[in-house]
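Below, in structure tokens: the form predicted on its own, a single chain.
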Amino acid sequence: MAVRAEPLALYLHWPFCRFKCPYCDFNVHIRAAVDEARWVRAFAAAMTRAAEELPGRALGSIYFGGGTPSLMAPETLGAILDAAFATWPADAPVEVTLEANPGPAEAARFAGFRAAGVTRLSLGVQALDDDALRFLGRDHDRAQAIRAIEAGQQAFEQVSFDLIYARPGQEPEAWRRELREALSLARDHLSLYQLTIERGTAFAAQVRRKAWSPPPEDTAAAQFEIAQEETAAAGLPAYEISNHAREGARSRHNFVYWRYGDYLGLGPGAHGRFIPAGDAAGVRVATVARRKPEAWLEAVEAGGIGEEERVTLSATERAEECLMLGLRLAEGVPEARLRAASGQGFDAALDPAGLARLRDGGFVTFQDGVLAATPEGRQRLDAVLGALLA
């Protein structure tokens, strides 16, 4: 049985939060109590069964997302990590990322998470302005956010934190000032996300009844451009649409997604993309786990891995996914990666007239076998992909 050599990325979804933020459309759930020992057993069992399709792989990265995985006890996280390494040993140091909120109770446990094996912290700061934090429904203030950043930098090798821009009423120069302060606090990585109104969220309902409106597109575009300028000047240039880092501090786990590598997603609502061992054709499957925590637990305890859906992706679907993800990156997509993913080259996957228009307009570059979106193209990636894949 052939075994793929590339390290495996493992995503573990902890679905619980204290509350749901009004902009969030992630799979999060509020529970009065969580039986953490039961969740450790379930994750361990799901890993053991998943390893039958992914034997002999070395772990390259583990990402605890959510939800708010920092709500679990450090001992719980450590036990889940022990199960992961018992299932897929690592050939080299593994990047282990934990998403966390800046609340004081969680920050107080950073040292415990570090001792349990976490190497990288991703903090959901979202704003450095108290009015904005209240609007975004966060339960921390500016001072707590700064203390959490500083505490994280003392505990972990790598720390990233998120900010949300294009908030209603936020002017470009106000964003520039906030971003400069964030860059003065950031050590090596910063994630900057434009506020988007997702279906089914509280913000979507508020906008629908005209309680407030998102800023105009040109204001959001100006803020994106400010982000490119300021992060580059500070030595943390964009390596992906929303992510900025110093050399050597880029998220190894997320690169697996963007470079269309194999990743296994376990936990309620988690997604995965991988080529099962023994598949001579090397065809990638897409998996989605059951979303409700209790349904996922029961499925795993009944002998499964909690999957709700599994689809074998066609060559066209694999090509589109490879391009959609890879063009988020400043480095772009090498043709060799597209061929490995789908069996297609650029000549088969792309619309030549669309490619020509985008090159002439300065939205993509195509040289030495690599297709890349320019900063202007990454800012309009949906439109770029629509033209390329027409």
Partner chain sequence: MTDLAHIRNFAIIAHIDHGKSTLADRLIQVCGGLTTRELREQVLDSMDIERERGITIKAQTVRLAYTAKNGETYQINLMDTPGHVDFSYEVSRSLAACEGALLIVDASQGVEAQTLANAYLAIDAGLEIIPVLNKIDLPAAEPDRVRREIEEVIGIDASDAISVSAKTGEGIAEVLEALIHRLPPPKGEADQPLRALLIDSWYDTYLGVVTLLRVDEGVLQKGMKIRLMATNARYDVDEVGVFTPKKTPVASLGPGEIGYLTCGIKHVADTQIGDTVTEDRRRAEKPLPGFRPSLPVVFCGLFPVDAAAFEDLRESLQKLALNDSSFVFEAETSAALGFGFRCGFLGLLHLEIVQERLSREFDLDLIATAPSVIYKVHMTDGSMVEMHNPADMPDPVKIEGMEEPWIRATILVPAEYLGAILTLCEDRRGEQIDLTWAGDRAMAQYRLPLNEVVYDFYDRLKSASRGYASFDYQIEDYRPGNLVKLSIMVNGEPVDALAMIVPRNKAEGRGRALCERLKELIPRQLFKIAIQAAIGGKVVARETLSALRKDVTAKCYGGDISRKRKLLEAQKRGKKRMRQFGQVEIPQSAFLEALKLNDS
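Numbering follows the first chain given and starts at 1. Please read these numbers as outputs of a predicted model, since none were measured by experiment.
What comes next is about the form predicted in complex with the partner chain, which does not appear here.
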Is Met324 part of the interface with the partner chain in the predicted complex - any heavy atom within 4.5 Å? yes
Contact test in the predicted complex: Ala83 vs the partner chain, heavy atoms, 4.5 Å: no
With the cut-off set at 4.5 Å between non-hydrogen atoms, does Pro55 touch the partner chain in the predicted complex? no
At the 4.5 Å heavy atom threshold, is Glu331 in contact with the partner chain in the predicted complex? no
Heavy atom of each of Asp130, Ala132 and Ala211 within 4.5 Å of the partner chain in the predicted complex: no
Which one, 109-117, 203-211, 310-318, 70-78, holds residues whose non-hydrogen atoms are within 4.5 Å of the partner chain in the predicted complex? 310-318
Which of the residues spanning 358-382 lie within 4.5 Å of the partner chain in the predicted complex, based on heavy atoms? Leu358, Gly361, Phe363, Arg378, Gln379, Arg380, Leu381, Asp382
